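Have a look below at one chain only, the form predicted alone, in structure tokens format.
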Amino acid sequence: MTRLSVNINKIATLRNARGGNNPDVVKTALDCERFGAEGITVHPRPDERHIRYADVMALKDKVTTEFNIEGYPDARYMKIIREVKPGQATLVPDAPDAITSNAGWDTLKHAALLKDIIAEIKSHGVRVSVFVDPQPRMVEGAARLGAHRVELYTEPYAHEYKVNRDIAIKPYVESARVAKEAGLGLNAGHDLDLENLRFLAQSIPSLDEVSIGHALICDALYYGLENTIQLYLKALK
């Protein structure tokens, strides 16, 4: 059964736009859990334009489901992982000024960097997921480096889904097969929504987790947060 982790970055973006603490990031995270979410995801960027370091610290003792912290593994990120020891650390190759994640790691080119980072994070008892494009060799590379999971970058799937969903899903099914054979867990994320999520989950039974933020929060404006989370859970199950 695929688990739903709600990325609450957009809640922090809305709060930061006005100042103060409305909406309350911690309360929203707890409400997401209460409404059925099986994990909370944050991506604290260096400029703190959405999730802030203080938010992560405030969440670490409040989140009772899986706490997933995404980020580029610089010194700042590694400090957060050491202090929080979340359920999962998802490594992404974003530049500091990136608007959002737009590509996966080249696990061959960056093998030396990732191997040391993965080993350090594992030493803290934290599961490591590596964000990769749906390419079998990148999945295999992550396995060789000692990762527990890979997260497949699904923007290409979401884009192609509108044209031909059967073609769109093919590289993901193949990458999922390779991940399973390599003993890796499998996550997915980016541009997943109520239109394309069900087909992804049905096509990849081995999918452990999806992380969804932007589309889910946008849908919540119309359907309400509780109802939206239930709609996403229904799409997965």
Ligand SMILES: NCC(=O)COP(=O)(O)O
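Worth saying up front: this structure is predicted, and the values here are computed from it rather than measured. Start at 1 with the first residue shown and count on from there.
The form predicted together with this ligand is left out here; the points below concern that form.
In the model of the complex, this ligand lies farther than 4.5 Å from every heavy atom of G39. Using a 4.5 Å cutoff between non-hydrogen atoms, H214 counts as a contact of this ligand in the model of the complex.
Heavy atoms of T2 never reach within 4.5 Å of this ligand in the model of the complex, leaving it off the interface. Within this chain, D191 lines the site of this ligand in the model of the complex, having a heavy atom no more than 4.5 Å away. Comment: 204 to 212 is the region of 168 to 176, 22 to 30, 204 to 212, 56 to 64 lying near this ligand in the model of the complex, near meaning a non-hydrogen atom within 4.5 Å. Shown without its partner, the chain has E70 as the single residue in segment 70 to 93 with a non-hydrogen atom within 4.5 angstroms of this ligand in the model of the complex.
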